[in-house]
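Listed next as structure tokens is one chain, alone, in the form predicted alone.
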């Protein structure tokens, strides 16, 4: 996940945005108990308390410590809540974050509020507006926090799914749905040269740049993502038992992990159900399939006689599509469940490109031509992860609406399933 470039313009309402983003993190967590916030359900996830502290550590470390007179909240936090910044110093082992009983959740909230007050004071005295570099760090920190808001939602979903009680994170009505029964349409694109990447308009992470040319052969992309009902046909056709559809490493994952269906699916009395942040619900066959790995998406595509789109194809296809969809902030404001919906936009030939589910692409996560990581510790944000990951596009129902762009490059290992990850086909 990502950093920004020197060409970024800073919004004039940065102080209000800072307050709003920090508040939204706490609003997401308001239904959780202290016990919920301390458990680490797997090494890839983190305790909610750690997310609350780490996002605060980011502002303290990269913003407030720029002032030599600033007194840190607690010297131990520099190690406890450093994620992977080797240039900053040591990090507490990631897989052991759930072993920490201190600081308490209450102490972490005190830490957040102390740092928030210090940053607010910097805004009040004009210090941040007077220094473009400080303003850039604030904007990066806010986008970083929005990434962790999404991780809070996906991590708590994984945590609750392991509890036999199957707790409800937050009740909510199901987003509006459409009964998707027909085959998807195929949208054709002619061969040609295109420019992809961010041109420095507004905030962007460093891995979205530079803007560069790509040549694409003619291709077609599906009008919507693969649905749960369509994926169920792959399951009933013994898709998980037929090695001819699987990459070698994917087949090994199927055997070692016992995959037989997407994560959070359950079958009882012949009826498929799905665990959601709003509890256990009947599977919606018309909604985009979620919580599948790259390997599962790729295997389904082979079974269907298609393939996954490259990230360049995805971005070119998205050029004229409005950035609208089911996003976390709008869903929470409407009292709806944070879950993919089978809505049909009816605003163009392509549906669900943004929101609902992140879409796996066939592209390995690597640098664009001419990419250079920024100097210093913040240069560790993206570049050093360009290995053994695949790119996802478009955001999900756990993403905030003001955090996504056509050029946004999310990335995860191909076996990852706990994110709201789905896919659409290409050919």
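Bear in mind that the values here come from a model prediction, so they are computed numbers and not experimental data. Residue numbers count along the first chain shown, from 1.
We do not show the form predicted in complex with a further copy of the same chain, though everything after this point is about it.
Shown without its partner, this chain lists 113, 281, 102, 260 as candidates; in the predicted complex, only 102 has a non-hydrogen atom within 4.5 angstroms of a further copy of the same chain.
Here is the short version: of 295, 234, 203, 122, the single residue with a heavy atom within 4.5 Å of a further copy of the same chain in the predicted complex is 295. Residue contact check for residue 127: none of its heavy atoms lie within 4.5 Å of a further copy of the same chain in the predicted complex. The shortest heavy atom separation between residue 46 and a further copy of the same chain in the predicted complex exceeds 4.5 Å. Taking the partner from the other structure, a further copy of the same chain in the predicted complex has no heavy atom within 4.5 Å of any heavy atom of residue 65.
In the predicted complex, a further copy of the same chain stays beyond 4.5 Å of every heavy atom belonging to residue 270. With the partner omitted here, the stretch from 222-230, 85-93, 330-338, 134-142 that lies within 4.5 Å of a further copy of the same chain by heavy atoms in the predicted complex is 85-93. Not one of 15, 256 and 408 is positioned with any heavy atom within 4.5 Å of a further copy of the same chain in the predicted complex. Counting a residue when any of its non-hydrogen atoms is within 4.5 Å of a further copy of the same chain in the predicted complex, the one hit in 251-270 is 251.
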